[in-house]
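Only one chain is included here, represented as C-alpha cells and corresponding to the form predicted alone.
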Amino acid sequence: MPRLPVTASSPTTITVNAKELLAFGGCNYLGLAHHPDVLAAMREGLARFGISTTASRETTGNTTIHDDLERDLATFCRQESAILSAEGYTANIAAAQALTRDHGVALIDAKAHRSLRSAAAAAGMQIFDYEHLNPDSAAWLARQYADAGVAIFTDGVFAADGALAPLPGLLAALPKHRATLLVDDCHGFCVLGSRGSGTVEHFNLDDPRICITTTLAKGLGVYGGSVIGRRAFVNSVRDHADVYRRSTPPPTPIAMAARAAIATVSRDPALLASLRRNTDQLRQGLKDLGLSPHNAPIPIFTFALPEADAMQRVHQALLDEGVYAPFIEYPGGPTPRFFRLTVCASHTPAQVSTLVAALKRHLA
C-alpha cells in the first residue's frame, strides 16, 4: 500500500495533502512523542551533546546519559539490568546473539514479529514454529530439543491484532536447564501492568529465565531499543552481541528524551488511566457495531470485512469525513488487508465517539 505523505502530526492528528485528519493509527500509545517535557529534554540534549556520539559505546561513543537510561529502564521494569540498542529490531538480534552461546534452538510463535525470526536466523539458531498462542505446542517442541538448549521467542502483545501472549504457560513449557523465554514487548511496554512496565508485569512474573526486548519508539514515543533482564544475561549481550558492540547507540539527545519520558510515565498515572479509558470506550463502541474486539486492556483493534473493495470504500469515506482509520497490509492480521485502529492517552472521549459514529455510518 502507498506510504502516507504526512507533513505534520500531533498525538491525535496527522496532516496529509494539506488536510488535518483525526488519526487512530500508529503506536504513540501515551502521546509522549509530543510531550513538552520530552521535547524539552531533547532540545537540551542537542545543545549539550550534538546529534550523535559518532562511535560505538565500547570505544568512544558512551555517555553517562546512556548509562543512566539503562538504569532507568531496568528500574521501571523491576529487572536487574538493561542495555540499549539502536532500535527494537536490533534489540532482538542482540539478545539472540547472546543466547546462541548456550541455546541452539529457537521456538517461535507462528505469528511472531518478523524480527524474532530474523534474529534467531542471524544468530545461527535452529528455528521451529509453535502454534500461535499455544503453550502446549511450544512444550511439545521444547521436550524434543531440550538437550540443545531452548529459547522460546514470542511477542508480549502481537502488533497486528493486539493478542496477548500466554506468558505463564510458555514459562511452564521451558525445559529445566538452558532455557529462556524471550518476550518482545514492543506493544506491551508502557501499556500493560499496574505501572505500565509491560506484559511481564501484567502477569506478575518474576523469573530469571525471562528476557525482555522492546523498542523505545512506541510506549515512550522516542527512538531506540533495549534488552532488559537479569544482570548476567545483559552482561552477556554487552560482551558477545556484535550488533551492540559494533554499532552507534541511540543519539544522546534521544536518550535524554527517553529518560524524560520514563519519568513522566512514573509520576503521572493519569496517562495510563486515559489510555485505558479510551481503550474501553473504543472496545465498547466496536461491540455495539457488531464487531468482536478482544477484551484485553490493549489499545489495538483490528477487523476486516468480507470484501477488500468494501473496506477500501469505508476507508475512503472516513478520510472524506476527516477521520484516519488505517487500512493496512501487515503479517498476522485477520486477512491480508484489514483495519487496524489504535487509541492513545491523548484522545478525548469526544474524538473516540467521532470515530465510532463515522464507522457506524459507513459499516451499515
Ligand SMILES: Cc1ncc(COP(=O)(O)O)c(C=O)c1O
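Start at 1 and count along the sequence shown; that's the residue number. Model, not experiment: these values are computed from the prediction.
If you look for the form predicted in complex with the ligand, you will not find it shown, but the lines that follow are about it.
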Original post:
Counting only heavy atoms and a 4.5 Å cutoff, which of 171 to 179, 84 to 92, 261 to 269, 138 to 146 contacts the ligand in the model of the complex?
Top reply: 84 to 92
Subject >> Heavy atom of Gly224 within 4.5 Å of the ligand in the model of the complex >> reply: yes
**OP:** Mark Ser236 yes when one of its heavy atoms lies within 4.5 Å of a heavy atom of the ligand in the model of the complex, and no otherwise.
**Re:** no
Original post:
in the model of the complex, does Thr215 have a heavy atom within 4.5 Å of the ligand?
Top reply: yes
**OP:** Report yes if any heavy atom of Cys186 sits within 4.5 Å of a heavy atom of the ligand in the model of the complex; otherwise report no.
**Re:** yes
Subject >> Interface residue in the model of the complex among Thr252, Ser115, Gln97, Gln79, criterion: non-hydrogen atom within 4.5 angstroms of the ligand >> reply: Ser115
Original post:
Which residues within 342 to 359 place at least one heavy atom within 4.5 Å of the ligand in the model of the complex?
Top reply: none
